[in-house]
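One chain is shown next in structure tokens, namely the form predicted on its own.
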């Protein structure tokens, strides 16, 4: 006997509830109580409607695919509070930045500060028209931003390391121009730029992972700038003729 429409809907809703329940079981196994409370709060106030699986995972954070109440795709970045990575390697990107003068050594506070720092850096970069994920909101150790997909919902766009652009000359100029614009207009340096955090969405490049970015008044900003340029040059040099990093560095610094 053929199912009626109402029965089909009930089965779909039941399946969705089971999937959502399984997803939260996975989340609950990974994150601490306060992170879960923050996640539930973001759901209750409407920033997140549904949470799907992990699309990227590292030592410091995991990124989940989710959707909001308008069915728009979200990248939900949840920083790991239990990791010691922040204390070991990330303070150098916070100390010296005039935006973050008071730093507590408590790991939870450092992680929260890092999350807010990435959000603020994204806002600055987005405000000057750089191709970056649009930032929506952050709370504690959770950052919600635009999901840059590969043309399929829930599948993140590949990095330029995984899928090099077809027009490498154009891509190289685009990234160097972004570095210049970031320094001159947003007063920021990414400080962790490489082929691993530039996404290629149908030949449109997006720069991601903004937690390390510092204001140009940071005492090591010029060092980080030269390193970013050197990393990008090293990658593109395998495909095309590039400009010496020192030449680009001098142009940026002397023109600011």
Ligand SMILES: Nc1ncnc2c1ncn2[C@@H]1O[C@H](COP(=O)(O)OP(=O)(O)OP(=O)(O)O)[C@@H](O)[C@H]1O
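Positions refer to the first chain, counted from 1. Note that this is a predicted model, so its numbers are computed, not measured.
Below: the form predicted in complex with the ligand, not depicted.
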Is there a non-hydrogen atom of residue 197 within 4.5 angstroms of a non-hydrogen atom of the ligand in the predicted complex?
yes
Counting only non-hydrogen atoms and a 4.5 angstroms cut-off, does residue 61 reach the ligand in the predicted complex?
yes
Classify residue 228 as contacting or not contacting the ligand in the predicted complex by the rule of any non-hydrogen atom within 4.5 angstroms, answering yes or no.
no
So in the predicted complex, is the ligand close enough to residue 178 to count as touching (4.5 Å, heavy atoms)?
no
Heavy atom within 4.5 Å of the ligand in the predicted complex - residue from 160, 186, 148, 110:
148
Which residue among 75, 81, 130, 115 has a heavy atom within 4.5 angstroms of the ligand in the predicted complex?
75
Partner absent here, but in the predicted complex, which of 32-40, 45-53, 219-227, 206-214 has residues with a heavy atom within 4.5 Å of the ligand?
206-214
